[in-house]
Structure formats: structure tokens, C-alpha cells
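Shown below, as C-alpha cells, is a lone chain in the form predicted on its own; questions about how it binds or moves come after it.
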């Protein structure tokens, strides 16, 4: 029986190749009906984790449950909940999209054949159903890959770097498609290193580095938990920098031709800090032309977290 609120639940997952640990005691929970970004630097173990979930690569230890079914002990029931594209979708290029899906539906059996046209419609390829796949763009092939998943009516889709090679229009179309799938009640777990696109697409994220999950949760909460930059335009940047560097709440103060910028941690009230800096500069006869608190981004938060983990790992060597 499915655990309430979670379509995918991973506990204590470990995967190693020889003496190299690629997935290191990972816990991960993907809620129902959500878009979930699984992020990490190249070589962080993103694709390996998806392969373990699907049983394409054996685990060393840990549990994976899909829709409440153990992915290893009850493999058939678990995988019936899943559609997946690992690396990129593969089709017979000299056949039409319709013919490719008919072959897949015949292999799958059940009601898969009845869902072919519905699936093509969902990915907006109905008008290209009888066009040879070899003429498709990368974006169209990605959408056809998702149609191939949908003929099984999965509750969870695993997409490995789905936006690689797409132009802006293709990314926008894929983003809209993922949103529609979530609105249907499906969950989409996608791995990516295109952080700006993940920020536009996903509701939840997990950040992986060195085989470990650094943080996971709602995207808005994770971004809000990061550092903030305060940017100040003023008449004398050099003196302004000297004045503010005595404040222990700030770090990484930089000088430019037009002013200064510095960071404050999430524990510091950025607006209050900006106001105090404004007062300090004015009291010291420095004209302030403007103050802004920079918007947080997933990319900035990602770099903060992976850098911190890297520093910790280096210190333990």
C-alpha cells in the first residue's frame, strides 16, 4: 500500500563501483503530484540513482519504494507505477511516431495500445504521428519519449537531463508539458544541471553532491534559506568598504566603481542590515544613491551548498 503523500521513498541507499561510493546513504522522498528536481554537479550520481530505482543497476544496501511497493522485492508492481527516460529517448528513426508507439504498446500489452493517441495528444504530437521520427527535432523526440512513457499510465516519470540540447522554445514546451502532467496527479522526477530551468519547472528539489543529498524540500524554502547580497551605490566605495567591514554580520565585501556589495547570511534580516549600512554611510558623509537586496536564485543556493560540502570533505581528507 502506498505511503500517504509519497510516490517515491528512498532510505539509506548505497551504491558503489569497486571502492568508489557513488550513492552514499541517500534518503529521498518525492511527493505525489509534484515536479521534483534532482540536482548535482557532473559525476554526482544523478543518473546512477535513477538506474538503481529502475533496477538497471544493483544496490549495495537500502530500500526503494515506488507507490508503496519495494522496487527490488516486488519489482513488477513497483515498475508498473513508473515511466522513465534515461539519458535520451531511443526510437526507430525510419518509422513514424505512431508505428514506434504501436511496437512499444504491443510489447507492454494491457491497455497500452488504447492510450497511444491520448498520449500523443498530451505531448502535442498528434499532427506529427505519421511523420518519421528521423525528421523530428530534439524537443519533439523528448516529447515523444514522454508519450512512450504515458501509454503505461505511470504515476511517476523519471527524466534524466530532459532539457539537454533543447532550444528555448523546446525548453518552454517541455516545461509546460511537465506542469500539465503534475496537474493530472502525476509526479515528475527530473535530474538536471540547468538550474535556471529547474527553478522555473520544479516545486521541490534535492541537491546531491559527492553521493550525498545535501538538502531537499520545497524549492521556495530552500532558496529562502540562502545568503543574500546587499548592493549599495555610493559616492566613495573605498571608504564605504572600510566602514562596513567592521560588522561581523557581513562577509565577502566587494568594491566596484559605483559602490560596494556584500553578503549576509539567512539568519540576518537583510532589509534591516541594509538600513543600518545606509545610516552608517550617511553619518560619515558618503552619499548613497541606491540600495538593493539581490534576489535569491537556485543557482546561487546550489553553489553555496555544494561549495560548503566540498570544503567539509576536503577538511576530512
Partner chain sequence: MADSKKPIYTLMETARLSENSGTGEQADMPASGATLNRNAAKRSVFASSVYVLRHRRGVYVTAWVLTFGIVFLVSMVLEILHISDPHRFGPLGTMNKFGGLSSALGFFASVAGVLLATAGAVGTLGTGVLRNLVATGRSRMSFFFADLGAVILVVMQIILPTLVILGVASYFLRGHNFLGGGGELSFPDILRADLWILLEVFVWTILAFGLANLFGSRSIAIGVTLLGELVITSLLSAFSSYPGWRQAFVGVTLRQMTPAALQPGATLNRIETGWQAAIVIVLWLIAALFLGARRAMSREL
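Every value quoted in this text rests on a predicted model; they were computed, and no experiment measured them. Numbering follows the first chain given and starts at 1.
This protein has a second form, the form predicted together with the partner chain, left out of what is shown; the following refers to that one.
Colleague: Suppose contact means a heavy atom within 4.5 Å; in the predicted complex, does that hold for all of 254, 278 and 302 with the partner chain?
Modeller: Not a single residue of the candidate spot has a heavy atom within 4.5 Å of the partner chain in the predicted complex.
Colleague: Looking at 87, 221, 73, 196, which is the one with a non-hydrogen atom within 4.5 Å of the partner chain in the predicted complex?
Modeller: Checked against the cut-off, the match is 87.
Colleague: Does residue 135 reach the partner chain in the predicted complex if we count a contact as any heavy atom within 4.5 Å?
Modeller: No, residue 135 stays farther than 4.5 Å from the partner chain in the predicted complex.
Colleague: Answer yes if any heavy atom of residue 167 is within 4.5 Å of a heavy atom of the partner chain in the predicted complex; otherwise answer no.
Modeller: Residue 167: no, not in contact with the partner chain in the predicted complex.
Colleague: Is there a non-hydrogen atom of residue 245 within 4.5 angstroms of a non-hydrogen atom of the partner chain in the predicted complex?
Modeller: Result no; residue 245 lies far from the partner chain in the predicted complex.
Colleague: At the 4.5 Å heavy atom threshold, is residue 258 in contact with the partner chain in the predicted complex?
Modeller: Close contact is absent here: in the predicted complex, residue 258 is far from the partner chain, nothing within 4.5 Å, heavy atoms only.
Colleague: Choose from 23-31, 263-271, 36-44, 57-65 the stretch whose residues reach within 4.5 Å of the partner chain in the predicted complex, heavy atoms counted.
Modeller: It is the stretch 57-65.
Colleague: For the stretch 63-101, which residues lie within 4.5 Å of the partner chain in the predicted complex by non-hydrogen atom distance?
Modeller: Residues within 4.5 Å: 75, 76, 79, 80, 86, 87, 90, 91, 92, 94, 95, 98, 99.
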